[in-house]
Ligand SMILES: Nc1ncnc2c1ncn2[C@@H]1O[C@H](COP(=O)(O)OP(=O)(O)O)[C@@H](O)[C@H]1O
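A single chain, nothing else alongside it, follows as structure tokens in the form predicted alone.
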């Protein structure tokens, strides 16, 4: 049994002693105090339990889920001060497979930078480099969830959409006199509304070099300028994370060779990115480059199993314990070893194409959980259990 905190316990003991003394000296006053306490307790219980008449209740109690709103608002306005690097790394590893060395290093770096509280720079500017399909983008998304507990704190930008120099206007705003100059750019608007966030710049190498250079002020001086009105939008509470597939083969080799030496790995990877046409002024603003190594062996099976489970959940279906035929995962490992690009995502998509019709049929037949079996080069879906009658009625309703 959990012990009661000392403060509340002392308050209770003091109240009991006070009422006992009052009952001896003035029974009438003690009775009045007891009645008032009972009335106050009844009011508190009625308010917190939402038993008051609708016209007395807080409008949020009456019209929405106040507790959920308060929790979300608290998360949105929360400013990160410090983190437990070990705990954060452990939680990330449970959701991102095969990148333990990079995760440990990221967690330690974040703890240091949050403690430093730099007033003129972002919390951190990280680059996740390596082959496609190894978890770089996924890690950034999971990190935002673990740090803030709210998807609203992740600002995602697909940098392949900014391959032209003029594309920077959609991020930083349009100059006055041009179409769209009355509205903020997507990046400046996001930072203005939610400054404590992760800004994910996915496939950064695909953006135009002029777009790259527009981020230099954000990383070096702690603000970005909205072009439409010249307003400065702070970046000092943001964590910038860019992902890149540039020089992926070389970076994958570096990750394997220097897994125990992150400082040397960072130096070599920056040199590889420089050879891949990353501008020196951009690389100099990146705090650390983390190398993601290619997935291998059972890590491939783990990722494919998780992706398959996620797919089934989209159809409101569970996978029975032990419900994925090992032959399916073994085939995924072999396919991954043969291909040179695309990563685990391509393997997961191939399985998705094979099981989608089976999942739809199982769902239409009222299945709760399923099993997956290998049949030649195909995957067969088999119903393991059905929804109860009440659950089926609720879904139809």
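Computed from a prediction, not measured in an experiment: that's the story for all the values here. Positions refer to the first chain, counted from 1.
The form predicted in complex with the named molecule exists for this protein as well; it is not shown, and the discussion that follows is about that form.
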query: Contact test in the predicted complex: residue 224 vs the named molecule, heavy atoms, 4.5 Å; finding: no
query: Any non-hydrogen atom of residue 307 within 4.5 angstroms of the named molecule in the predicted complex; finding: yes
query: Residue 194 within 4.5 Å of the named molecule in the predicted complex, heavy atoms; finding: no
query: Proximity of residue 134 to the named molecule in the predicted complex, heavy atoms at 4.5 Å; finding: yes
query: Heavy atom within 4.5 Å of the named molecule in the predicted complex - residue from 250, 232, 258, 138; finding: 138
query: Candidate from 271, 213, 95, 206 lying within 4.5 Å of the named molecule in the predicted complex - any heavy atom; finding: 95
query: Full three-residue contact with the named molecule in the predicted complex, heavy atom 4.5 Å, for 83, 88 and 110; finding: no
query: Contact stretch among 166-174, 96-104, 278-286, 146-154 - heavy atom within 4.5 Å of the named molecule in the predicted complex; finding: 96-104
